[in-house]
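Only one chain is shown below, in structure tokens, and it's the form predicted on its own.
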Amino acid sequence: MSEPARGPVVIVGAGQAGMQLATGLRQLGSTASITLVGDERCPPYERPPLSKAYLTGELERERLWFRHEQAYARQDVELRLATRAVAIDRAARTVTTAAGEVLPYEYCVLATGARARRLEVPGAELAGIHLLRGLDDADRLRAAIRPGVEVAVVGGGYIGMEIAASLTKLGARVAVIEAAPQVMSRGVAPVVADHVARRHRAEGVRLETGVGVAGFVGDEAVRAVRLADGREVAAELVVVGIGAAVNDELAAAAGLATDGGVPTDACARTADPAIFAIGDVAVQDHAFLGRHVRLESVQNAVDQAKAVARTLATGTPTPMREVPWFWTQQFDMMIQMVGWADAGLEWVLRGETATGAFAAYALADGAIQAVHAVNRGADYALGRRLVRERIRAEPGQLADPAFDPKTLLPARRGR
């Protein structure tokens, strides 16, 4: 495209990415009509607190809203809640809703996200088995928790460990079941994963690692999780947190290619020049990483939405070049990660794990590729620059507590 969007923009999906795009277009002065379609009943809201402060009751429901409905109206954004898009006619450039309404578009942006993946094993239909992806899920889970209740969390990734920490704080007796040999082993520095495991065990969380789930046991309601080795873990409640399934069915039905999500170029354009894809549903040609990748993170959703907003508002294709970053909070641990943690990296520890505040720097061919910090925000902030500028370092330098990594950065000019 070489001209700004002037006709209707229909955004399918009212999560972080969709909301950011709608408001970003207005902030950039776009006068195109904007319709934001979301299938939930409430206004667009933050999802990260669902497994943390909202689940523990420390954050009230309306504090989750990005903004109230009136704010969208003031920006002339038509917010369609409890509305499900069921079809895209690419030739006619229309989106059809479940109610039969036909929405014309000049540009359609898919921000349909992902849903919690279900565990298809015997007993999966029993009462007491929960997923956590949306606000209603969090409300149901929070209502079921009481002190002393036995809970099994299936999945020891970010979401599973966050849920385990939150439910433990509420007085539940929690066991985490993870098929991998260690919790949080995918994409996290080994020293950080080990620290997380020790911290959870110190809080009373039982960790069953290196074993899968064969099924759930119970009559009408779950009473235990049967492990692949034949053992059973008692559980009055189960929370399944084994990752996400991408909501790419709408794109596939419209004839767009899908491959674990909707493939896009670096500017979030699909194979159809009138359709973009952003957020968790997009498999993007990542301009910084130099590879096709699907990233599930708030930062990625926001940065992609900002880039597409600039593309549509100005007519100039804008790639998203930001360094990926992620975070998780469990008990008193704030864990912040920047960069992409491939297998086979050389990890260098800075600080002492026993203090509960340390960082791990990852090197690939001498360049700093990732920084993972536990309660060390300064290392994380510095790491964003070190990774973005592809700064090189020696392992011995980074391991030396007297060495200041800031000295690795080139001196700023014009000062």
Ligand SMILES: Cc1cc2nc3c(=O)[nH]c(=O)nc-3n(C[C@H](O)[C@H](O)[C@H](O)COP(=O)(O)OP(=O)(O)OC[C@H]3O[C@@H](n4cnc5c(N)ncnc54)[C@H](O)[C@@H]3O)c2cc1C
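So that there is no doubt, residue numbering starts at 1 and follows the sequence shown. This is a predicted model, so every value here is computed, not measured.
Beyond the structure shown, there is the form predicted in complex with the named molecule, which is absent from this document and is the topic of what follows.
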Quiz item: Given that the named molecule is left out here, which of E208, E236, D303, E162 has a heavy atom within 4.5 Å of it in the predicted bound form?
Solution: E162
Practice problem: Could you tell me which one of R117, R84, R186, R199 places a heavy atom within 4.5 Å of the named molecule in the predicted bound form? | Solution: R84
Exercise. Would you please decide whether F326 lies within 4.5 angstroms of the named molecule in the predicted bound form, comparing each non-hydrogen atom pair?
Key: yes
Self-check item: the named molecule contact at Y158 in the predicted bound form, heavy atom, 4.5 Å
Solution: yes
Exercise. Answer for V298 alone: is it within 4.5 Å of the named molecule in the predicted bound form, judged on heavy atom distances?
Key: yes
Quiz item: Might G113 be said to contact the named molecule in the predicted bound form, defining contact as any heavy atom within 4.5 Å?
Solution: yes
Quiz item: So in the predicted bound form, are V10, T23 and T311 all sitting within 4.5 Å of the named molecule, heavy atoms only?
Solution: no
Quiz item: Taking the partner as it appears in the predicted bound form, which of 371-379, 348-356, 384-392, 31-39 has residues with heavy atoms within 4.5 Å of the named molecule?
Solution: 31-39
Self-check item: Sequence-ordered residues of 121-155 touching the named molecule in the predicted bound form, heavy atom within 4.5 Å
Solution: L132, R133
